[in-house]
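Just one chain follows, in the form predicted alone, and it is written as structure tokens.
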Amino acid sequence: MGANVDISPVTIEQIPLTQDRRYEFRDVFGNDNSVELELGIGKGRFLIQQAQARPDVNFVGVEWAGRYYRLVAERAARRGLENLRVLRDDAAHFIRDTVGNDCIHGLHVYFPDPWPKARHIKRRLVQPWFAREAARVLIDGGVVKLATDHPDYALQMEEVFNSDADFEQIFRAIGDEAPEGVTNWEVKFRAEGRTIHKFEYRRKPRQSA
């Protein structure tokens, strides 16, 4: 059944590593609406719900797992979501090498792989370099939203963004205080009784030259 779904209207081609260029979202969507980006979309529950609820906002979702990428693309295509695009790419490569400056209004990172073993911590997405890239791509006043069920990663997320002078924390909620979200991972983790950590940071205004 999936093979009969034309996903081309809702997908973006990956920029080859050999090319030094960045996406122009005005050209991707054909309008100047604000753009929100989700890194690691999983099965796309959050992304699709947001695109349906907010048709005046453009949404871009990045996912490395091919089966999830295809699943979300098919769901979006069946719904005819003109304000949603998905891309199969590595999240770090995408935000570092293919997103332009000062063009993203909202950045969503929900339940990224925690890489819990000490020798793998360096593989985590949320690190100082990531905060620097988030500050670069977000507009002034743009917001990055983070969520995890892993307590050590939660500490790292706060340390990284609290230490970055271009961000201010505007929301922090842990456990019962954390509002329920709709991602498949969050639904699963809450059912298992895990503690959810959620943070939001606003990009401070850039200083005039």
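Heads up: residue numbers just count along the shown sequence, starting at 1. Because the structure is predicted, anything quoted here is derived from the model rather than measured.
This next part talks about the form predicted in complex with a small molecule, which is not shown.
The stretch among 50-58, 136-144, 34-42, 163-171 whose residues place heavy atoms within 4.5 Å of the small molecule in the predicted complex is 34-42. Cys103 falls outside the set of residues with a heavy atom inside 4.5 Å of the small molecule in the predicted complex. By the criterion of a heavy atom within 4.5 Å, Ala65 is counted among the residues contacting the small molecule in the predicted complex. Taking the partner from the other structure, the small molecule in the predicted complex has no heavy atom within 4.5 Å of any heavy atom of Tyr23. Using a 4.5 angstroms limit between non-hydrogen atoms, Asp90 touches the small molecule in the predicted complex.
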